[in-house]
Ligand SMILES: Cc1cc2nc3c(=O)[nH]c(=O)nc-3n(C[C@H](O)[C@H](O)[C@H](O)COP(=O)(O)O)c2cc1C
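Presented as structure tokens, the chain that follows is alone, the form predicted alone.
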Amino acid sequence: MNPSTTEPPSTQSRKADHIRICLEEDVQCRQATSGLENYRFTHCCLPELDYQDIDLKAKFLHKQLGAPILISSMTGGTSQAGMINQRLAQVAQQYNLAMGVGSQRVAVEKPEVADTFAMRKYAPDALLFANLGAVQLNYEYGLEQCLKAIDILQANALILHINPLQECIQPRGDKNFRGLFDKINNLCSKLPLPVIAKEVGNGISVHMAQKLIEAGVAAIDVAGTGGTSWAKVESERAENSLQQRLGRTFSDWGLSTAECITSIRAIAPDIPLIASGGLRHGLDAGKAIALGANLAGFAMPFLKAAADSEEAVDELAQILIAELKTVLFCTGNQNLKQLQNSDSLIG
């Protein structure tokens, strides 16, 4: 059997499985949390502010955003995924938010599904992130494929997602991670756009962050524990008892989002940081930003909303923005810089 004719359909099937499992099964971390619950804000009963003056504008990779919210990378490659991405892109455009798409490997290898990722027509002004697995650099991917992913989305930056645990559990996962720092360094030196290193729910340690920064990445998405467990997701797709067991054993593996933010920010005060992994509302976003993140990334809440309706996605965006504004107002901070420089967060 010719692998080139069977791999794209299996990749599409996997993507469809991922959406279904995330929406229908309990695949959230249970024991491992984001760590944000260990912090709380000091309430300011007299903020000396007019709520109308609260300013959520943020800058990320030289792009001005209406709020420090990232619609995190999720999907693409199927008709349902295309619909979800379209709804998310329209909201990103309306509220001037950042947005990533799911792994574009399927589109690179099967151009006929590229339209399910091509969201620039729906979000002409939004900050959009293309996405490929870093491990693919060890599987005949290089500058050409990365440029193709960027071109499909007309992206502002490229996410390289890093997912060793998921690959260990996933049927026929790609497990050769040897030599990737050098290949990432080579890619960063040649790619005309910034590269963002992103985990998928197990976190990036301070040591790994330092090595990624030295390799040339322009930003880091810590993607810590507390949200969707991709070990659990893959255990739901398992083809044998070994894969099921691995997924269950490692369902809460990783570093908390809060721990990743604080430790990385301590050694890299200027690196653009995205906090994702277990964020569920604007209060979580406020805590993450107060800890030092530049953007707060949400995946599951947006996935559920986008699978429902356009109205649900719009409502979620409004809620997150209102919650984040309330954090600033009730801590007496007019903008995000003031929040980060204040002593409002205690933990």
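Position 1 is the first residue in the sequence shown; the rest follow in order. This one's a predicted model, so the numbers in the text were calculated from it and none came from an experiment.
Omitted from view is the form predicted in complex with this ligand, to which the following refers.
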| remark: Which of 100-108, 204-212, 263-271, 237-245 lies within 4.5 Å of this ligand in the predicted bound form, heavy atoms considered? The stretch 100-108
| query | Hey, in the predicted bound form, is residue 22 touching this ligand, heavy atoms inside 4.5 Å? | reply | yes
| field | residue 72 within 4.5 Å of this ligand in the predicted bound form, heavy atoms | value | yes
| Any non-hydrogen atom of residue 303 within 4.5 angstroms of this ligand in the predicted bound form | yes
| message | Is residue 87 near this ligand? Define near as a heavy atom within 4.5 Å, in the predicted bound form. | response | no
| field | this ligand in the predicted bound form reached by all of 223, 230 and 298, non-hydrogen atom within 4.5 Å | value | yes
| query | Tell me, which of 91, 219, 200, 126 has a heavy atom within 4.5 angstroms of this ligand in the predicted bound form? | reply | 200
| task | Identify, from the list 251, 256, 131, 116, the residue with a heavy atom within 4.5 Å of this ligand in the predicted bound form. | result | 131
